[in-house]
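Next come structure tokens for two forms of one protein chain, structure 1 first, structure 2 second.
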Structure 1
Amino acid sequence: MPSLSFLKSIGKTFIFLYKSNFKLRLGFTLILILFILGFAVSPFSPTSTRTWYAVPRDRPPSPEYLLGTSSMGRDVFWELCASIGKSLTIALITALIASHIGLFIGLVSGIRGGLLDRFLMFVSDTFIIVPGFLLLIVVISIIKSWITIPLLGAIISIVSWPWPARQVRSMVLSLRERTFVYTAKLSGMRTSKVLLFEIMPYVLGWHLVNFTNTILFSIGTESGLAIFGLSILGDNTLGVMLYWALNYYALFRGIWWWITAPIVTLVLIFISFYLVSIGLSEHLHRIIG
């Protein structure tokens, strides 16, 4: 089966990378832990992480409450696990939508060129000039009451696609100038075939880097929006945890564990995805320059 051998080759590359690149290994291990906490551990929460006063309030970390409890009467550890899961879900939705829109537009723009390319790049430039975060604030303020997890992921992708698009486009442009693409064209291959067989394998590697970066961007944007009170305040995300901790003046009142937990987790998420992203791009630079 061809798909099986394809998977095998991906697996092989991955194992090679995992062994050879320290940054990738570290980043990937951290991400794995985060995913386990967010998706495999969080369903086992003994108490609801969304109801108020499920546990005593403002308890510092102890064997009973690993990371203490919040002023809203929630167990911080279990709330954190649920939030990791939800934040990653939002980020994955954004990454799936935005990086693929970016891939598509970048490919079309780079390969077709001409007027279409100029139009698409003008639109993506506009997105780069418009302050994305403020645009999201305006949009979400209007539809605040309807927002759900998938919708939030989708809305964030409105401002996340231009970077991947630019990246893929410049990749295609530089690949177009390389000899092997010329050779393929001169030997009579159709443009679509050249695209599929000669350019795609190179672009896909960068697509993965863009995907990782978009996850980073989305998690950052969600937590930023949440600090503004523009996330799903009744649900558990890392940003929402920050929002409530800030709103209850957790620091003033000395409830440091409540606000430290999401901060440390966010920093870990940022560093681990960034490590994977630079580990991957280092590898890609080495093989194609």
Structure 2
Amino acid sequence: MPSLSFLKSIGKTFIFLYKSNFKLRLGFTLILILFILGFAVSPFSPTSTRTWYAVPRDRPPSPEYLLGTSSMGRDVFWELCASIGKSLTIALITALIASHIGLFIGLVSGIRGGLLDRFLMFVSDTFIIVPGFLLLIVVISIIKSWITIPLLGAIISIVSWPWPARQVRSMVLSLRERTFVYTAKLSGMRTSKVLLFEIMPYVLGWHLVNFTNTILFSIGTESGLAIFGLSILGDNTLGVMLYWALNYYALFRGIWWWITAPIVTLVLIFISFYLVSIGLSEHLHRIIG
């Protein structure tokens, strides 16, 4: 089966990269740990991570409470696990929507050219010129009472697709002038097949790196929105943890474990995905070089 052989090929490539590239290996291991905490460990929380005063307040880290408790009466460890899962969910939704919209628009714009290209790039440039964070503030302020985790991810994707679209278009404009593309067109291959079989293999590696970077952008954006009180404050995300810790003056009151936990986790997330992105980029440069 072609699909099975394709999956085996991807698996072998990943294993090779994991073994040969230290940056990718370290980054992927950290990401795996974060996913385990966010999706496999968090459902086993003994108390609801959104319930106030479920445990004693302001307890420092101890064998009973690994990361201490907050002024809201929540176990910081279990709240952190739930927040990791929700933040990664938002980020993955954003990356799935934004990176693929950018890919599709860039491919179509680059290969078709003409009036369609000018229109798509006009729309992209419009979103690029408008300050993305301010646009998100306006949109979320209007529909704040209806915001959900999936919807928040979709909203952040509004400002995440224009740059990828422009970059993919630039790549396609260069690739479509190559000899193998002219040969494919002269042989009677349809435009859709030219994109899929001739151009897409050159764009796919960049697309994976962009997917990873979009995840980082989404997590950072959600955290920024949360600090302004524009995230889902009744749910658990890393940004929301920061919001409540800042509002309760955790650092000034000496409850350092409450605010340290989400900050350190955010740093680890950025480092892990950055290492994976760098590892993929180095592999692609070796192939191209």
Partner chain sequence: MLHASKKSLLEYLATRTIMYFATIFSGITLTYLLVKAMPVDAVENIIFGLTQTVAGVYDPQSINKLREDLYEIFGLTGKSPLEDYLIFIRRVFTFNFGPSFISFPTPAFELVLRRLPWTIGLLSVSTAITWITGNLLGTIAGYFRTKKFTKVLESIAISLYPVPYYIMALILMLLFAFLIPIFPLGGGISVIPESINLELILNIIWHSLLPALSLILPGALGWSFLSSRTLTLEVLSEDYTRYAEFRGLPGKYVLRRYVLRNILVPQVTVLALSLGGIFSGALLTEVIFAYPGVGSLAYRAAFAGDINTLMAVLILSMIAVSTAIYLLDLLYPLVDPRIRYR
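For residue numbers, the reference is structure 1: its sequence is counted from 1. Since the model is a prediction, treat every value here as computed from it, not as a measurement. Whichever C-alpha set is largest while still superposing within 1.5 Å between the two forms counts as the rigid core.
As for origin, structure 1 is the form predicted together with the partner chain and structure 2 is not. Fitting the two forms on the rigid core leaves the C-alpha of H100 displaced by under 2 angstroms between structures 1 and 2.
Once the two forms are overlaid on the core, K185 shows a Cα shift of 3.5 Å between structures 1 and 2.
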